[in-house]
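Next up is one chain by itself, shown in structure tokens, the form predicted alone.
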Amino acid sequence: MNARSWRTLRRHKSAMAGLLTLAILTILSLSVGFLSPYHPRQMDPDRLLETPSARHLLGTDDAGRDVFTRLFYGGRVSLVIGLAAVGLAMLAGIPLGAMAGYFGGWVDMTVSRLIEIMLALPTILLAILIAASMGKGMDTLILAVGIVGVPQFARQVRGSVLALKEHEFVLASRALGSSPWRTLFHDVVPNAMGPIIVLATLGVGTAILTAAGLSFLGLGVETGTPEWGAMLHEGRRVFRSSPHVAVFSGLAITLAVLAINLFGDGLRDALDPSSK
């Protein structure tokens, strides 16, 4: 990001608000071990479903576990899942889209058909199919959410490469004798990274939401693991009598996804002023 883009981003009030909110959530998630005297799995049969108090800032759940502690330990898990899933989607989607856009022909046809097949199914349904076939676990959740994100990155990169491959700097690279692979990944892909960075930023929010949805359905992390979607799943059983168990995890998901989307929108405007 150049100085002009950074100045534009800093003037984007909603993007800065999103970045500040995300920073606060991240700091609390990383420092909860110092802020709370409780362990996220520590049960207390004498303090089941307590409402928020000085002893338990956000109350306790139906096993007597401190909701504040679990909420921000869960923030670590949800953020790691979101970042890792987007990283996996980029790792697979960028090369596929780049090769399809640059080489064309049967490569483009094969990748495009694969993308269309994956996009034919709703994202959450495809994620459910993958997670259900592999069983519970954080690794499974990352893999399921990462796989369903591949088509978005492949399609974005393919379009960007198609627009760039006939530009003069690409023709010059070919004329100097660079191999097609070097030209593609040394010259073309780096110049297509602006939209990809924006898509990755917004994709983290989508990944967190998808992972929370899978956990809420019982297909996510292992039972007892503090994760926002899993906490919603546990809180629904006692929602009528103790809504705080589910409400705070729901608010955390909402705040995190909203903050990421606000920052992503500002980043898009900063990197591509014509999108305003």
Partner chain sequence: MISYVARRLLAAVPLLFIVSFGVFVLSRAGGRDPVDAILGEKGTPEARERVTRELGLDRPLLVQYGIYLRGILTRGDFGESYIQRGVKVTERIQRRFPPTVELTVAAMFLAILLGLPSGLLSAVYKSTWVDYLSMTVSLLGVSIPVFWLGLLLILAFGGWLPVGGNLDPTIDIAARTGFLTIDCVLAGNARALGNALAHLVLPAAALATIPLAMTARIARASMLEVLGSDYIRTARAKGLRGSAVVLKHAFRNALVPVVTLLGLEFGYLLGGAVLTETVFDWPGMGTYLIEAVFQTDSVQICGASLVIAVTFIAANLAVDVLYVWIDPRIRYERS
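Residue numbers count along the first chain shown, from 1. For clarity, every value in this text was computed on a predicted model and none was experimentally measured.
The same protein also exists as the form predicted in complex with the partner chain; that form is not shown, yet it is the one meant from here on.
Contact with the partner chain in the model of the complex, defined as any heavy atom within 4.5 Å, is confined among 229-237, 23-31, 63-71, 37-45 to 229-237. For Gly224, no non-hydrogen atom is located within 4.5 Å of the partner chain in the model of the complex, even though that partner is not displayed. Interface residue remark: Ala15 is not counted as part of the site for the partner chain in the model of the complex, having no heavy atom within 4.5 Å. In the model of the complex, the partner chain lies within 4.5 Å of some heavy atom of Leu217.
Using a 4.5 angstroms limit between non-hydrogen atoms, Thr110 is distant from the partner chain in the model of the complex. Here the marked residues Glu116, Leu129 and Ala246 all reach the partner chain in the model of the complex, each with a heavy atom within 4.5 angstroms. Exactly one listed residue, out of Pro190, Gly105, Pro180, Pro122, brings a non-hydrogen atom to within 4.5 Å of the partner chain in the model of the complex: Pro122.
Scanning 179-216 for heavy atoms within 4.5 Å of the partner chain in the model of the complex gives Leu209, Ala212, Gly213, Phe216 in sequence order.
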